[in-house]
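Shown here is one chain on its own, the form predicted alone, set out as structure tokens.
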Amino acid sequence: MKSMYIHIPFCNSICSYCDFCKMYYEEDLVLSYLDALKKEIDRFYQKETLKTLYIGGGTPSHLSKACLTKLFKIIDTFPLDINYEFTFECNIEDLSLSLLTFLYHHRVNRLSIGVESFLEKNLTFLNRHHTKEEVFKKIVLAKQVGFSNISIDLMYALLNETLQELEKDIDFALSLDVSHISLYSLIIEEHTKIQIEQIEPISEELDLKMYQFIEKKLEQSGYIHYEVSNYAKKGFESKHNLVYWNNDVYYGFGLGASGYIGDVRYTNTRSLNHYLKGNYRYQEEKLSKEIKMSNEMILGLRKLEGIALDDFQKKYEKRVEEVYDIKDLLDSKSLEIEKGYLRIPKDKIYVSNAILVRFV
């Protein structure tokens, strides 16, 4: 076990599109939650040296100084690999010199910042509370503190968004000169504000044009498209997220978190009452070899480089072609093999779900 995810479910406000495990911030609840989190970690974590650590949410950056200190009293004891990656999720409005300095001195070396858009119209729709000017000011501040590995999230295909508006968002993002950009097309999830309001998605035709524009523009600007929704400057691909896409094992701690240990994938409860009582697990599934191989295909083919065929054979003692009939996918050029990797061709990545469903 070389990776760990910790979920902090508390937010100051709820974004209109969010279906993650979250709740409104209350200091006393947060302190009780951190006590329960420590107990869960003490029970399951075997003190391995970690290569990647990710604190997500929710909004971890909204924790008070007292709660942050309590959280990092737990985290500071974790041994980290010499080449570790430690990511902390932040909202723009939470970033300050004191918070950034605190994180920097507590071994955080990667920030993941929810920007989502620079345009007031989009930010209002998403129920985000920062401005374009704040984004530029806070990114500069983070760099001044010493952070060189900064990732931002952007969303597109929003309500009534035009291609010209997306172009503005991308131009603003590129002018920040950050090392990593994640771009997500709006998905209308159940039980979210936009689903309740019956917001309709934009046309598939426009969504595709936006996707193609993003890919071309970012690659021309020196970013490597390494996963369906992720772009990075060379050497700044997310090590933690690659753990997921490589179907490797990892700890997941906190309310609603998921993990993968040995042959078991598990999901924690979303009930705060259950969690505070120490009833952490909601669901556990012991994976068969067939399910592991299916996950390997579905996750690995999200990467632009694809799946290393030799690694698959070593891991499962079978060649991909022995497990799956992929001849028609190769013949139709929905899959290709190049330099020992099986992958979805670049021009088919946009419709990758239609290909991945074959491996479910």
Partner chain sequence: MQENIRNFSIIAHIDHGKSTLADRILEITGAVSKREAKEQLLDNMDIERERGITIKLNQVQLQYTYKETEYYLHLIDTPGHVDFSYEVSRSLAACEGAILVVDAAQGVEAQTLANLYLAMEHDLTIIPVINKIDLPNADIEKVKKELVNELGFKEEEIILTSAKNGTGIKELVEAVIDRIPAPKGDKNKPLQGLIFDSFFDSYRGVVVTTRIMNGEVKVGDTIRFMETGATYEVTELCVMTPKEKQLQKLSCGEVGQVVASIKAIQDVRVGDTFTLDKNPASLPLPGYQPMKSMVYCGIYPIESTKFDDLRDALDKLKLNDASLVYEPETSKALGFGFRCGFLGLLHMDIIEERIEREFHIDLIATSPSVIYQVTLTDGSEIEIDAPTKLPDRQLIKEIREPYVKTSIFTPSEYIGPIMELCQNKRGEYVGMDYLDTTRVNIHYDLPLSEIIYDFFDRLKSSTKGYASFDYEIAGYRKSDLVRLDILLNGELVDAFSTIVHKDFAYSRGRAIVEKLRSIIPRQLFEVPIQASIGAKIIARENIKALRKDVLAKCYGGDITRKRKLLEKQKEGKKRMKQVGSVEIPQEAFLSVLTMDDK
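All values reported here derive from a predicted model rather than from experimental measurement. Residue numbers count along the first chain shown, from 1.
Keep in mind the form predicted together with the partner chain is missing from the figure; the text below concerns it.
Residues with any non-hydrogen atom within 4.5 angstroms of the partner chain in the model of the complex fall in just one of 90-98, 160-168, 258-266, 133-141: 258-266.
The closest heavy atom approach of Y250 to the partner chain in the model of the complex falls within 4.5 Å.
A residue is said to contact a partner when one of its heavy atoms sits within 4.5 Å of a partner heavy atom; E215 fails this definition for the partner chain in the model of the complex, lying far away. In the model of the complex, the partner chain stays beyond 4.5 Å of every heavy atom belonging to F125. The partner chain in the model of the complex comes within 4.5 Å of a heavy atom belonging to Y350.
Among L186, I194, V145, L272, the residue placing a heavy atom within 4.5 Å of the partner chain in the model of the complex is L186.
When you look in the model of the complex, the only residue of A66, L330, I291, L309 with a non-hydrogen atom within 4.5 Å of the partner chain is I291. Of all the residues from 219-256, those having a non-hydrogen atom no more than 4.5 Å from the partner chain in the model of the complex are V228, S229, N230, N241, Y244, W245, Y250.
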